[in-house]
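Presented as structure tokens, the chain that follows is alone, the form predicted alone.
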């Protein structure tokens, strides 16, 4: 095992003299992630990781919420940037229409998927190790890029400009993202937390990469149902060039506001419009019919990812004509 003097020598190589910590705090048991902070050294499998800040994320309109169990770090051996995900236990119940999903975090599941997708750049890359207390810690390669949701908002000067000049390419990229999830499903794995901010568009390669696989859920009706509804939310977002809400339509006195009813809304987020053809009349019927599978008024849902892919690929052929 690396000695304190060896770790200090590595720190001296990686940091300017004025930024060196005043003392070494070496941690091998990560059970209490609240006590792991800036300048601490987490030693895992004899690799020292210099902890920087807690990772943050925004969700449901709440900006920059700290994730105390997810740390930004520097691998002191090769100076690479890492995201270190510590074991965090969380459970909650989620509802999609009349379907209930019991959701929980599983570091074991994420570790398993990381091994499965090694070398597949459609997914975040990394590996798992156990700390001295047996906690499963995931070491993730940092991805330099932009959140996919933010990227979509940069395209086009208006929705019409976006839809006719950018959407065909966006749809191609979305189909590839769905294929990646289909790969998981075919191997009896779920993503577990499919959201548009769980896709990072890498800066140099423009590869769209799925991140964060640690959510799992107990399924009573459809093993992949929760993932499918997540994919539907993303498709609605990229079709609308952002969320199209009843509040926004009312505020702008859009004629579409007066034509909408409950059945036109998202089955999960009931203020978001799914029947987007009522808002943008140039949206093809074939696309709108796919979107309506994720609406309150949907008579049937998709049973598996391949059904969704088939419809998307048929749509793409028609758009290209």
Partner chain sequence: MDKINRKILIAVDESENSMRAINYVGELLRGMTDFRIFLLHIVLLPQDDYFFNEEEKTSWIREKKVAGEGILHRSHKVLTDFGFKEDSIKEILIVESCSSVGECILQKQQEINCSTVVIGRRGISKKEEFIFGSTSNKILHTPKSCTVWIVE
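Residue numbers count along the first chain shown, from 1. All figures in this text were calculated on a predicted structure; none of them were measured in a lab.
One more form of this protein should be noted, the form predicted in complex with its partner chain, which is absent from this view; the next part is about it.
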Exercise. Hey, with its partner chain in the predicted complex, do 188, 267 and 296 all fall inside the 4.5 Å heavy atom range?
Worked result: yes
For this session: Flag residue 133 as yes or no: does it have a non-hydrogen atom within 4.5 angstroms of any non-hydrogen atom of its partner chain in the predicted complex?
Result: no
Problem set entry | its partner chain contact in the predicted complex: residue 106, any heavy atom under 4.5 Å | yes
Problem set entry | Proximity of residue 81 to its partner chain in the predicted complex, heavy atoms at 4.5 Å | no
Exercise. Taking heavy atoms only, is residue 246 within 4.5 angstroms of its partner chain in the predicted complex?
Worked result: no
Exercise. Which listed residue (206, 218, 251, 153) meets the criterion of a heavy atom within 4.5 Å of its partner chain in the predicted complex?
Worked result: 218
Seminar exercise, completed: Heavy atom within 4.5 Å of its partner chain in the predicted complex, from candidates 210, 163, 101, 174, belongs to 101
Seminar exercise, completed: Answer among 154-162, 120-128, 189-197, 235-243 for heavy atoms within 4.5 Å of its partner chain in the predicted complex: the stretch 189-197
Exercise. Heavy atom within 4.5 Å of its partner chain in the predicted complex: which residues of 301-317 qualify?
Worked result: 301
